[in-house]
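The form predicted on its own is given below as one chain in structure tokens.
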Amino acid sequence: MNLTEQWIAFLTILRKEIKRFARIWVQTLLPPVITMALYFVIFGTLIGGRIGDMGGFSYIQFVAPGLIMMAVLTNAYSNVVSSFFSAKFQRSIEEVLVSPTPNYVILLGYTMGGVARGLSVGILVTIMSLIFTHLQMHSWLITLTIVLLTSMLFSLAGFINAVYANTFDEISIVPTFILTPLTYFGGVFYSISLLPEMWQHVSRLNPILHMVNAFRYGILGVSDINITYAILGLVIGVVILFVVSLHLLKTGNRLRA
């Protein structure tokens, strides 16, 4: 395939992915917004007033970037894992794999579909958060860089999960037992400076902590971690998962339901 044909193939997959979650927006876009609104009401309005300031900001301002990032990464992940596994389960992915479309074009199409859903939910949650609090913008560049890299990383992670999953139940194992705990202990609701020194070091092993804090720095200008290391770690993570995903597509292992 020449570059024009590859571009058309990429846009076709991407358009299919966007139409997929946009068509059922009541199931894909609305629930995370409602869930995050409940978080804002409970943790921001009701509990936040008792907690007071954190990091030089009101508690609801402090948790807002973390809640936005939580919505972005979970939806980027769930979009790809559900979409690609459905294609594998229905065996429609076999038709794509036997076509002359390069594997990296297929992977980019699904990945950017996950990014599109993650960003869509992130924008909606951000707009909703403005009802509860005021958000400044410390650095547009850092904010956009972090949200794009994070959504790409979790889209690729969702792709790998979909490849290895054999049943629909298995695609929920990683979000339930790994992603959710890491998210809640990822500094979304608190600053790790409140923890004992030992637990601060343990918390820094959580990759989501670095993503949340880097995103918070882009919006509020405060962070518990080194932003440069966070961005570098995200870039390395995206590259590694992209290479692994390409290898899985190339070998074709586990791509039959």
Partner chain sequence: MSAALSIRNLTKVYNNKLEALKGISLDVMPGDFFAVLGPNGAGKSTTIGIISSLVRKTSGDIEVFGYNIDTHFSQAKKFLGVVPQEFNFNLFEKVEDIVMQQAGYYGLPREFAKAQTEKYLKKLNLWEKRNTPARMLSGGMKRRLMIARALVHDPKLLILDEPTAGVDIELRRSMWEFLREINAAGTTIILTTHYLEEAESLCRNVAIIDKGLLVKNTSVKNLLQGLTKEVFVFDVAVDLPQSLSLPGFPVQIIDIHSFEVEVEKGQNLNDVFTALSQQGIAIISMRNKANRLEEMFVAMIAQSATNQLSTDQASANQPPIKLEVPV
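Since this is a predicted model, take the numbers as computed values, not measurements. Positions refer to the first chain, counted from 1.
We do not show the form predicted in complex with its partner chain, though everything after this point is about it.
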Exercise. Counting only heavy atoms and a 4.5 Å cutoff, which of 84 to 92, 164 to 172, 150 to 158, 122 to 130 contacts its partner chain in the model of the complex?
Worked result: 84 to 92
For this session: Look at the candidate spot formed by P31, M36 and H134 and say whether its partner chain comes within 4.5 Å of a heavy atom in all three of them in the model of the complex.
Result: no
Exercise. Heavy atom to heavy atom, is L97 within 4.5 Å of its partner chain in the model of the complex?
Worked result: yes
Problem set entry | Heavy atom of P102 within 4.5 Å of its partner chain in the model of the complex | yes
For this session: Consider A9 of the chain shown here, and say whether it contacts its partner chain in the model of the complex, taking contact as heavy atoms within 4.5 Å.
Result: yes
Exercise. Hey, in the model of the complex, does L234 get a heavy atom within 4.5 angstroms of its partner chain?
Worked result: no
Exercise. Are there residues in 12 to 34 with a heavy atom within 4.5 Å of its partner chain in the model of the complex, and which are they, in order?
Worked result: T12, I13, R15, K16, K19, R23
